[in-house]
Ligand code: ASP
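Only one chain is given next, in structure tokens, and it is the form predicted on its own.
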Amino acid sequence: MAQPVAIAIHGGAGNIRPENLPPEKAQKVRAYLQQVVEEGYRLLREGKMALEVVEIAVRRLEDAGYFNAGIGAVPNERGEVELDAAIMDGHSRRAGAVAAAHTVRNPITLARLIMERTSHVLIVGQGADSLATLWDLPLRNHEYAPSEVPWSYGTVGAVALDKYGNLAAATSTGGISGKKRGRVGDTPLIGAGTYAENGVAAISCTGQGEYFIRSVLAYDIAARVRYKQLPISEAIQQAFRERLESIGGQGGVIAVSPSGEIFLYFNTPGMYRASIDAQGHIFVEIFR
């Protein structure tokens, strides 16, 4: 039998309810999520590597303007946009990340280039901006998300399994609206908001970043799978209950297993999410 492929994406978890998301807007976001996940699945079926596909999927979400990432990112307390992103290759466990970047349009692409072109994992602030310029990446126009879509803010992420058995994860965010200048959340911290390891899982988190950092949640989930031999679904629920919720954290996680099972878990009213599993079943939802 051919090696299965699978992909899941998210656009953030939070107080997302039917009463604060009008039907026509919910339909627009659902359609976009479906478009992105179907493109990712097609690329995986065509033989693209999981690492490339999660970057492409997150770049699409950064470019949407619907989410708190890329061109839709929310400003900090000074009215500036500071972008965080991370990507991880489950095959090599190499990773790249960027934090507090101001100028790059697609921080997820910058994160991947940091992984591939430097010996570093995480580069921040002006250092990240200078690399974006050096590598001639598209830059932001410094306009914020259109005023008609403030209802859709949320961190974005993707996880994938390719036909070669490789896992990868990617996450991107603008962080908390009105945050202190220089604040960094869980998204670019490997093991907190993003993690991938072949044979274990690929994980992307969204929610209150400080709690995910304190919980080291993404790696904690992977460790429960690796060392306790738990199914990913059980590992996620345990980690949320024992590590995140025990200190007051809220948010969500998407994960894919080495066999192409998809897990979409959150403890908030809603999470923008879409997936196509190893059997080709597509799922797109916003609310519980």
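All residue numbers refer to positions in the sequence shown, first residue = 1. Everything numeric here is computed off the predicted structure, so don't read it as measured data.
We do not show the form predicted together with aspartic acid (ASP), though everything after this point is about it.
Out of the listed residues Thr103, Asn76, Asn166, Gln208, Gln208 is the one that sits within 4.5 Å of aspartic acid (ASP) in the predicted complex by at least one heavy atom. Among the residues Gly154, Gly96, Gly90, Gly72, the one placing a heavy atom within 4.5 Å of aspartic acid (ASP) in the predicted complex is Gly154.
Residues of just one listed stretch (185-193, 214-222, 103-111, 128-136) have heavy atoms within 4.5 Å of aspartic acid (ASP) in the predicted complex: 185-193. In the predicted complex, Ser204 stays away from aspartic acid (ASP), with no heavy atom inside 4.5 Å. In the predicted complex, none of the heavy atoms of Val124 sits within 4.5 Å of a heavy atom of aspartic acid (ASP). Of the residues in 168-185, those that come within 4.5 Å of aspartic acid (ASP) in the predicted complex through at least one heavy atom are, in sequence order, Thr173, Gly175, Ile176, Arg183, Gly185.
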